[in-house]
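In structure tokens, the next block holds one chain alone, the form predicted on its own.
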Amino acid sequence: MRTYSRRLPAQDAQNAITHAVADFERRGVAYVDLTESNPTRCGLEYPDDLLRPLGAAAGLTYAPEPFGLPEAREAVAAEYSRRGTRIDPANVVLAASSSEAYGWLFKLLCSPGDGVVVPRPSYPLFEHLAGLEGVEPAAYDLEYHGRWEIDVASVERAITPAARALVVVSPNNPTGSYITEAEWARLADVCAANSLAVIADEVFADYPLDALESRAVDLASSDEVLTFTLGGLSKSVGLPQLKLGWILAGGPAGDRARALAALELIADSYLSVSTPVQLAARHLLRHGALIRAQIQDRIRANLGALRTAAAAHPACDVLRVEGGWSAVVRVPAARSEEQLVLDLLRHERVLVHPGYFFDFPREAYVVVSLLPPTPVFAAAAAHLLARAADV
């Protein structure tokens, strides 16, 4: 029997939730999907002519640049001026997605067997991406004390001699917590002391909700430690299908220059970003603001609807959401998260994520996307809270 690379993640058997969803799909049973995170399937209005620049004749000429076409890198740099951040286009590297950007940075920073330090809870992606690069992830903790805070002591415990980078997700998915300026100062000191680079995933930074004034954004604009900020069209303007992401390189000038020189070889080996989307980048970023505004309105309205539903069920608690597209609900632990999710699906026709999907250290939590249309979301949220509180 053929064997494959040990870098591939284990092929886990489907759990009871995926079996139940597959059964519904097979039988054509309708349900409300409160795990939906694809903005193109959530009833948003996209301008009819938004993609017209992709057909420009200039896209017929192939003139590859390892870090991307200068006009596209300039467009990305200019986009950050909305938040008052000045970015040098020379420090912008284009990639096809944030996942590809992670892969490039793991290649840049780590040899096989080296480690990266990643947040917990968080989206279940790092283990796979790290494993595909032969890199070992170690988790640090976010703790909830009225807001989700980084346990810096757990960061220090997770750092081994093999660690090469710290991953920060701000706002985190699913906790919705931004890193604060005080947390960033402490982490920068820890990383400098341990020769770690920082990979700052800030793809949801454009969507503040109950955000603190002290939140830190655009971390690569600072010069304390070698830092790479990730962003992309997928979240910033709700266009995941166009496959354009980016890396902003920051930190001490010498470290940054050496990192960019090495990263250029990696980027030149892939040349993955299509010419048409690069040529259209300025137009997409400018006119995609209409989509971003719709998403912002939607997530605010849905968070309000979720809190309204929770007010009738004191046993359930909608935890503080500082930003992003998800909300975490703490529910009574009278049954397992998996059983609650199955009960919701089978009896209320509502699908949510169990907390264990995001590696919450204890039960019981469920996670919902704030993207579905508000009337649908509000009705489903009411069913969710009533069922969760029925113990």
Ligand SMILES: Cc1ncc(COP(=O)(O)O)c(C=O)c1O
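Sequential numbering from 1, following the sequence displayed. Note that the coordinates shown come from a computational prediction; the quantities given were computed from them, not determined experimentally.
Absent from the display: the form predicted together with the named molecule. The rest refers to it.
The named molecule is not shown here, and in the model of the complex it never comes within 4.5 Å of any heavy atom of Thr180.
Within 4.5 Å of some heavy atom of the named molecule in the model of the complex lies at least one heavy atom of Phe204. A residue is said to contact a partner when one of its heavy atoms sits within 4.5 Å of a partner heavy atom; Tyr123 meets this definition for the named molecule in the model of the complex.
Using a 4.5 Å cutoff between non-hydrogen atoms, Arg298 does not count as a contact of the named molecule in the model of the complex. Contact with the named molecule in the model of the complex, defined as a heavy atom within 4.5 Å, holds for exactly one of Ser98, Thr275, Ser221, Asn91, namely Ser98. Distance criterion of 4.5 Å from any heavy atom to the named molecule in the model of the complex singles out Lys235 from the list Arg73, Arg164, Lys235, Arg256.
Heavy atoms within 4.5 Å of the named molecule in the model of the complex are found in one stretch of 289 to 297, 111 to 119, 153 to 161, 196 to 204, which is 196 to 204.
Contact annotation for 168 to 188: residues with any non-hydrogen atom within 4.5 angstroms of the named molecule in the model of the complex are Val169, Asn173, listed in sequence order.
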